[in-house]
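Heads up, the chain below is alone and in the form predicted on its own; it's given as structure tokens.
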Amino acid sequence: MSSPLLSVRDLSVAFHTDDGVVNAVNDISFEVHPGETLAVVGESGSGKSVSAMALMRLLPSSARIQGTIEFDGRDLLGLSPRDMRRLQGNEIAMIFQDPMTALNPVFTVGNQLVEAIRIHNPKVSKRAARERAASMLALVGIPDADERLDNYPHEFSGGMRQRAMIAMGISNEPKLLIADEPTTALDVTIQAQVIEVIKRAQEATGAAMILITHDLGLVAGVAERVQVMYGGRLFETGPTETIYYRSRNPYTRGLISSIPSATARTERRLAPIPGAPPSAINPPKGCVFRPRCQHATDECFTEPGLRRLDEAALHQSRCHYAEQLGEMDTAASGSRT
């Protein structure tokens, strides 16, 4: 495998508030390789977006960031604000999760796309930048792209605004594209279309991608690898097929069990995860998923570390009983045959 484009080591993010310290992200480590798609999934409040904003250096000054973030051989946390701005939107681009408010309502879509191009390429003429902006809109499936450049955001539907945000994200052919909940507030038909557009845009630019979502059902045909976050911690990571069919973590299994199936031959009730996500200020003792886990025992009052489940450490799970979950699956499979 090639050298990683992005390498994150022991990343932690905390915020000081009047109520106490909010530990939003706790010691997560991962890599993204050139051209790869990594999906980051988990419930709201699990630390997905905060970790992405830390990568982009877009968190407020009140955030305390610790760890190492290396991108293409550069230490992002050590860059000056000026050098970081040269990367933002150019080598690392982000599709924000709310297309309704991410675009400035008082400028045309074309003006905003042209600005995104020329701010990193000042030698490009306005005419050339407009031509490129039109080609980006066409690439993401907006008809009559040259004419639609003169529309304001309110003249675009929600799905079209999200496509415009994707066009803006890929306009400078970034090496890494971060898509933060790109299908939020869109109906299921538009969701599928947006995911297809992102895939097509990624293929056109060759960018690596981090796809952040709370919906495991969206990532099956998009990502090579999945990492599952809960309570600001990395709970399971592995190849997509492994996570879907051979998960070794109760939380991941809970997420999968709550996904409706369109191909199931028999009716089955969805199995929601009981309870609520943990407090980031006062998390439960031991495993943060313990109060909601049907497999919890007294040992779970001690926090588990990530356990390697294969020689290459491609599949890892934060659970004291990760290996036993595999044995339970084997036993259940044997009893059915």
Partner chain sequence: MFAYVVRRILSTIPLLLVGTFIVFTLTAISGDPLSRLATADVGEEAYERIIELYGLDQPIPIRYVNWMSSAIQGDMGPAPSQGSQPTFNIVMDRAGNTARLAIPAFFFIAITAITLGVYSAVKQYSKLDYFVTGFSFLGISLPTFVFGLLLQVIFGLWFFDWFGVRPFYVLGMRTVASHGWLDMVRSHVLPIVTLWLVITASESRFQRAAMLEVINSDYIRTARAKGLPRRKVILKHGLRNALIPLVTIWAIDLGLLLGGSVVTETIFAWPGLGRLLLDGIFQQDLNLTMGVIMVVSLLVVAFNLLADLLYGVLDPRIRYE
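Residue numbers count along the first chain shown, from 1. The model shown is predicted, which means the values in this text are computed figures rather than measured ones.
Below, we refer to the form predicted together with its partner chain, which is not included among the displayed structures.
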>> Is it the case that S125, even though its partner is missing from this view, gets within 4.5 Å of its partner chain in the predicted complex, heavy atoms only?
In response: no
>> Taking its partner chain as it sits in the predicted complex, is M53 in contact with it (heavy atom to heavy atom, 4.5 Å or less)?
In response: yes
>> Using a 4.5 angstroms cut-off on non-hydrogen atoms, would I281 count as touching its partner chain in the predicted complex?
In response: no
> Hey, in the predicted complex, is L103 touching its partner chain, heavy atoms inside 4.5 Å?
Replying inline: yes
> Exactly one of A116, M229, L176, L76 has a non-hydrogen atom within 4.5 Å of its partner chain in the predicted complex; which residue is it?
Replying inline: A116
>> Please determine whether each residue of F96, Q112 and M165 possesses a non-hydrogen atom within 4.5 angstroms of its partner chain in the predicted complex.
In response: yes
> Looking at its partner chain in the predicted complex, which residues in 135-166 have at least one heavy atom within 4.5 Å of it?
Replying inline: Y152, H154, M165
